[in-house]
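Next comes just one chain, in structure tokens: the form predicted alone.
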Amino acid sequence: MTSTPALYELRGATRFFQLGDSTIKAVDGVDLSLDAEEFVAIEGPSGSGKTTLLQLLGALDRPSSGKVFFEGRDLGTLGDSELAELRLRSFGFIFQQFNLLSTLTALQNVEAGLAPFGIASAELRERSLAALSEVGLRERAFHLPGQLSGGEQQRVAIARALSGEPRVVLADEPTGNLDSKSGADVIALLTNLASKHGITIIVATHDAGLAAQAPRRLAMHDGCLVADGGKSARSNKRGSR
């Protein structure tokens, strides 16, 4: 029986930055395999490398060395236009800052996320309303962001990320600006949506309590992947390679 190939395969993936005379090892030799439809939390303190790893997974950045494969494609070999098309068609992004346009309604913010797809107006409205319904905000569709709570604004951002029907949703500290209850509600919503639509969800967070809700939990420290699901990670510090 042929096994299903991994959605992601990272082989010695590194991302270094120069800061003056210093080299910052944001991601340092990570080996990792992620399957389709997984819900994964990447946990670690500020500066651990979790956001940089998320950027590599979302094709927002290229590795300095090593390989990052998505569906068998080496992301490091793709041109800028190919990466832009991949991001548009395959990934949805959610950030700590909701990044909503304050002068647009919730519905218009979701529609703006779909604008690059060149969808006809009627379908654009239908898909955007459906996405808001998915996150329980159809009745708030015509409210401006300033008229919504923080949790509701993040739900609009989730609806925008989902509206393009991505295969992967990547969330960077999606609960960072929310109180604990709203944060837990957002994680529960993402969990339900992942199960319902078969989407891969990857969340970067410093909150151990929220990370514990994910079926798979990765831990980052000083650019290294130090734990995977509570076990010693395959990619650890240099001596383990």
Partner chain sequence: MFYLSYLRSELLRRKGRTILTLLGLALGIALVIVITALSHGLDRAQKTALNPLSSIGTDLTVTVKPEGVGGGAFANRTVSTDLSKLGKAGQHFSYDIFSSGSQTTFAQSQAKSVSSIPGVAKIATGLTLTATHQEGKVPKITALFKTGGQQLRVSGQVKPLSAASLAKMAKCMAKLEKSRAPTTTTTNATHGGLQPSQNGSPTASPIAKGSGPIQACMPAGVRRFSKTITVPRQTLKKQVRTPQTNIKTSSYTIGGVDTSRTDMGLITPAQVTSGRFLAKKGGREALVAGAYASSHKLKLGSTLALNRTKFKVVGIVQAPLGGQSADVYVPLQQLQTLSGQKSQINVVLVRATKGAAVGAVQKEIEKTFPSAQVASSKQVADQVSGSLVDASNLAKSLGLALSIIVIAMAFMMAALLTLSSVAKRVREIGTLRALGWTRRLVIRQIAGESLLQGVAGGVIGVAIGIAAAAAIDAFGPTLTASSTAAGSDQAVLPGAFVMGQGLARTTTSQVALRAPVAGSIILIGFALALLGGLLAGAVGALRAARLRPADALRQVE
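If you're wondering where the values come from, they're calculated on a predicted model, not measured in any experiment. Residue numbers count along the first chain shown, from 1. Definition used throughout: the rigid core is the maximal C-alpha set that superposes within 1.5 Å between two forms.
A second form of this protein, the form predicted in complex with the partner chain, is not displayed here; the remarks below concern that form.
Not one of 188, 210 and 212 is positioned with any heavy atom within 4.5 Å of the partner chain in the predicted complex.
Put simply, residue 36 is far from the partner chain in the predicted complex: not one heavy atom of it is within 4.5 Å.
Mapping the unseen interface onto this chain, residue 52 counts among the residues with a heavy atom inside 4.5 Å of the partner chain in the predicted complex.
The closest non-hydrogen atom of residue 139 lies beyond 4.5 Å of the partner chain in the predicted complex. The partner chain in the predicted complex is approached by residue 61, whose closest heavy atom lies within 4.5 angstroms of it. Exactly one listed residue, out of 76, 151, 166, 113, brings a non-hydrogen atom to within 4.5 Å of the partner chain in the predicted complex: 113. Remark: of stretches 66 to 74, 190 to 198, 37 to 45, 52 to 60, the one touching the partner chain in the predicted complex is 52 to 60 (heavy atom within 4.5 Å). Shown without its partner, the chain has 124, 144 in segment 123 to 148 as residues with a non-hydrogen atom within 4.5 angstroms of the partner chain in the predicted complex. When the rigid core is held fixed, the Cα atom of residue 143 travels 2 angstroms or more between this form and the one not shown.
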